[in-house]
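Take a look at this single chain in structure tokens; it is the form predicted alone.
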């Protein structure tokens, strides 16, 4: 795969990149978000990831380009309802180290591609099956999306204030991202087992269990005490004060947590708020009983200050505090820029009015070595000829015949009309100019 893009800091470009999975082949029957998030992580660790795409199901460019979970993968389009398509898929399985899927078990059984089917083709294979609820069990065949598994895993019931109804996090991809990262971890563990023993593995991963695992102590506590833990909203049963406080500007906030009485003394000194020196506030128990009063005083101090200034003052003093950043704030974060967290990738087609987008990369590095470079989303079947030649030695002429016969799928990609706006998605021209992104100016509306 050829990389095209740019980094905003290139001081580390000459260093050797950390690609521990180089040489590992991953074939992924993936849709939507959860598994693609995991296999993108594998790709960033150096694995050769090939995404198997079927007939268009809608939302591809959005998920592939805006969310970025299809980045850094090649794409082969296979019609799994065609006998020759199934034959190609099974031949690819025989050349893979890892096969992943996030269709329901029933769907894979109908294709003859269940984990036992795959292990029969290649016994030392690592097979990962990701689903909403896991197998076996009465819910194993239920379709699922992030929001439904977040609810089933207990996350919604743990959020919000006690007097309010349960709430959700954002766009509904929280469960997907979490399960995807667990999937990548499971694959790495199974590959290490194979390296040590020569044995393959079948990994079954439940998105719902991932959410319940995230809740951890709350689940255990509910079982031990026979009651649901309270939903404290922004507050904590131990730390006081804890909350999110308004700052100067429109919809600007800062999060503050005071863990101990010693930190409280530091907080009072750092803020210089005379009203907080009262003896009744000196202990955690006392502050818990006066939390509303304390919050009102703190709000008066934060409301006239910039959220970043508040966070800096408190952090420098040793108090846990952080500005509540909106999603777009990350793009202009000097700390993230310094750590080369972003990479700009130009697109084959303009998407949402832009000729490129920036993407966050792996949120960690090893011994200061540069992260892997991302590459652009690949449209359905864009790599049919390349993958089949490299994996199966199939010549281009036979690939074209398989495409003509309908066994392979190939989506023709034509440049968008630069004079026409991209339907349905407005473009923030100021945002693009601040980032220096190539902009389809005719699409700004």
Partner chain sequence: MTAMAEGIRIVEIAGGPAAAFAGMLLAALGADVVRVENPSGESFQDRETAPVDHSMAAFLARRKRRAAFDIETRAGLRALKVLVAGADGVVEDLGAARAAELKLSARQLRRSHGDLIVASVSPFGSTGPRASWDASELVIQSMGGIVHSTGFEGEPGLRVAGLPAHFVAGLHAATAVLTGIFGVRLGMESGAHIEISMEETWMHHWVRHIQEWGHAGFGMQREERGTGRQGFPHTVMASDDWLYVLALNAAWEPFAMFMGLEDYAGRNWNAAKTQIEGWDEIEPVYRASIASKGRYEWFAGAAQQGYTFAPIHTVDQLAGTPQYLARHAFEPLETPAGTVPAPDLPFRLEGVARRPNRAAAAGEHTRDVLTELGVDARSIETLLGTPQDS
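Residue numbers count along the first chain shown, from 1. This is a predicted model, so every value here is computed, not measured. Whichever C-alpha set is largest while still superposing within 1.5 Å between the two forms counts as the rigid core.
The same protein also has a form predicted in complex with the partner chain, omitted here; what follows describes it.
Contact with the partner chain in the predicted bound form, judged as any non-hydrogen atom within 4.5 angstroms, is confined among 272-280, 196-204, 72-80, 286-294 to 196-204. With the partner omitted from this view, the residue of 113, 372, 93, 158 that lies near the partner chain in the predicted bound form is 158 [heavy atom within 4.5 Å]. Across the proposed site, 346, 406 and 410 without exception lack any heavy atom within 4.5 Å of the partner chain in the predicted bound form.
In the predicted bound form, residue 242 approaches the partner chain with a heavy atom inside 4.5 Å.
In the predicted bound form, residue 33 approaches the partner chain with a heavy atom inside 4.5 Å.
Contact between residue 17 and the partner chain in the predicted bound form is found at the 4.5 Å heavy atom cutoff. Using a 4.5 angstroms limit between non-hydrogen atoms, residue 162 is distant from the partner chain in the predicted bound form. Taking a 4.5 Å heavy atom cutoff to the partner chain in the predicted bound form, the contacting residues in 206-232 are 206, 208, 209, 210, 212, 213, 214, 215, 216, 217, 218, 219, 220, 221, 222, 223, 224, 228, 229, 232.
With a cut-off of 2 Å and the rigid core superposed, residue 261 has a Cα displacement that reaches or exceeds the cut-off between this form and the one not shown. Core-superposed comparison between this form and the one not shown: CA of residue 328 displaced by less than 2 Å. The Cα shift for residue 221 between this form and the one not shown, taken after rigid core superposition, is 2 angstroms or larger.
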